[in-house]
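There is one chain below, alone, in structure tokens, taken in the form predicted on its own.
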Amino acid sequence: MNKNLINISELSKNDIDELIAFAEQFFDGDGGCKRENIFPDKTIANVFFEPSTRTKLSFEIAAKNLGCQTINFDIKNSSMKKGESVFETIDTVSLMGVDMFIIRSSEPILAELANMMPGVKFINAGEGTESHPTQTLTDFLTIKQTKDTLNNLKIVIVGDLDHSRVARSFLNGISNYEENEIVLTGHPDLCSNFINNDKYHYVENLDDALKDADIVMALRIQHERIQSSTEIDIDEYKALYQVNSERMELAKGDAILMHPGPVNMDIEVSESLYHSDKSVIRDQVSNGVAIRMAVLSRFLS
């Protein structure tokens, strides 16, 4: 295992299985996460160039559960506003005794930072539209809890595929596992990179895609990344691509609904389905802490 986690492709199937099993050990008897004072001498800095609730706070909670000191770097009030580069900023902070950086960025900068700063550890908390490895691990843990396997499943991913690092990272990671049927669906204007693609199976009609699914993963419409020239009629989107209780009946009886969050409620997912026993969206949130505890432990060690 590398000293940094930048892309899910850096992890072998065995690495992924071990991290999932390790994460499960951090749960206490009540479904929460244990507090283990394992790394009281380590300092971790969260550097988020994009807004985040789930990823940022779960990393902070995971670090504190492990006994780490944490810094939430305030970009808006930093010297970057005076023209200091990302590299100069990270290098300066590392010299103050930071052992690991958790970074979220709209641009792919982590590989370059890791190459320029070999003495510092980096974890990807979401980068560009390509990679979000700890979200993939969180999703895999959630599937394993409900299906006991990551093999022989029909997995349907619906939504804004073009702008989703979650989807790309998931597709990359699930390729380690066998006999899965992956079906992609969503509004054609939001799936242009996947429609005529030999690697993935795209189905335009959501109802057709959902038939006999084991896993349904809905994605957020990422308005902040969509070009102004692409106009999505929300009412049309809801009619054609909202995952609701009626549509979920097309999937298998024990199918589960996932969503990385935040959910545009009653657009991507109906509120009634979100709160139903088919939804594991809230489990994904709590599982994110355990996975990030496992990741931090492995890469700090």
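Residue indices: 1-based, along the sequence shown. Quantities reported herein were computed from a predicted structural model and do not represent experimental measurements.
Omitted from view is the form predicted together with ligand CP, to which the following refers.
Undergrad: Looking at heavy atoms inside 4.5 Å, which stretch does ligand CP contact in the predicted bound form, given the options 36-44, 53-61, 246-254, 264-272?
TA: Only one stretch qualifies here: 53-61.
Undergrad: Of the options R168, R104, K121, H163, which one has a non-hydrogen atom that comes within 4.5 Å of ligand CP in the predicted bound form?
TA: Looking at R168, R104, K121, H163 one by one, just R104 meets the 4.5 Å heavy-atom criterion.
Undergrad: Within 4.5 Å, heavy atoms only: does Q135 come near ligand CP in the predicted bound form?
TA: Answer yes; at least one heavy atom of Q135 falls within 4.5 Å of ligand CP in the predicted bound form.
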